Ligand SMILES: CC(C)(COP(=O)(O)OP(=O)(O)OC[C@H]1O[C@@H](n2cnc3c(N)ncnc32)[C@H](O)[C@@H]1OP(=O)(O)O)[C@@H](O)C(=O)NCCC(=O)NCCS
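To begin, one chain is listed below as structure tokens, in the form predicted on its own.
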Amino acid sequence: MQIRLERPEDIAAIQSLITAAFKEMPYGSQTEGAVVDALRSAGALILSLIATEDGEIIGHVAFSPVAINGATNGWYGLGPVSVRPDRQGRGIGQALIREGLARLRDIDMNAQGCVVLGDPGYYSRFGFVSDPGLRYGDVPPEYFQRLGFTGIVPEGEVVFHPGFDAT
């Protein structure tokens, strides 16, 4: 398996992958593909990685900036993460997330941290923790988690890019 940045010629395959990955997921909204397209169109898809095997795209992860208390301050949101249904549960999503977080930590990106909305049992393996100082709407705090890259962790309401409102 190889992980690399998306290329323009990958976009249709990424869209198909995202649709297939979330089709049977009970927590999926079926708008995940539209979200990624909206982020890309707005220039807010800061990091878009794909996993390939034998020339086929088998996984994708997206990262985009978030605002905390109305300010964009080097914090990013992780998601969505998509893995081809017949390849789920084999570590592809984990590899994509780890690579994405490593690239965010790169000095050139000047990232301060990352937030994610998801299963704490899954995301804790990457160092994400629930933090009552960061809030995302009415989401129970244990499902909204953060991973700080520096010692400074802001507090307040987190807002994802408007692309997440795509329908």
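In case it trips you up, residue 1 is the first one in the sequence shown, and so on. Note that the structure is predicted; figures quoted are calculated from it, not measured.
What follows is about the form predicted together with this ligand, which we do not show.
Trainee: Is residue 65 one of the residues lying within 4.5 Å of this ligand in the predicted complex, judged by heavy atom distances?
Mentor: Taking the distances in the predicted complex, the answer for residue 65 is no, it never comes within 4.5 Å of this ligand.
Trainee: Test of understanding: in the predicted complex, would residue 93 fall inside 4.5 Å of this ligand by heavy atoms?
Mentor: Residue 93: yes, in contact with this ligand in the predicted complex.
Trainee: Is residue 119 close enough to this ligand in the predicted complex to count, meaning some heavy atom within 4.5 Å?
Mentor: It does: once this ligand is placed as it appears in the predicted complex, residue 119 has a heavy atom within 4.5 Å of it.
Trainee: Could you tell me if residue 14 has a non-hydrogen atom within 4.5 Å of this ligand in the predicted complex?
Mentor: Flag for residue 14 set to no.
Trainee: Which is the contacting stretch out of 104-112, 37-45, 121-129, 134-142, given heavy atoms within 4.5 Å of this ligand in the predicted complex?
Mentor: Looking at the other structure, the answer is 121-129.
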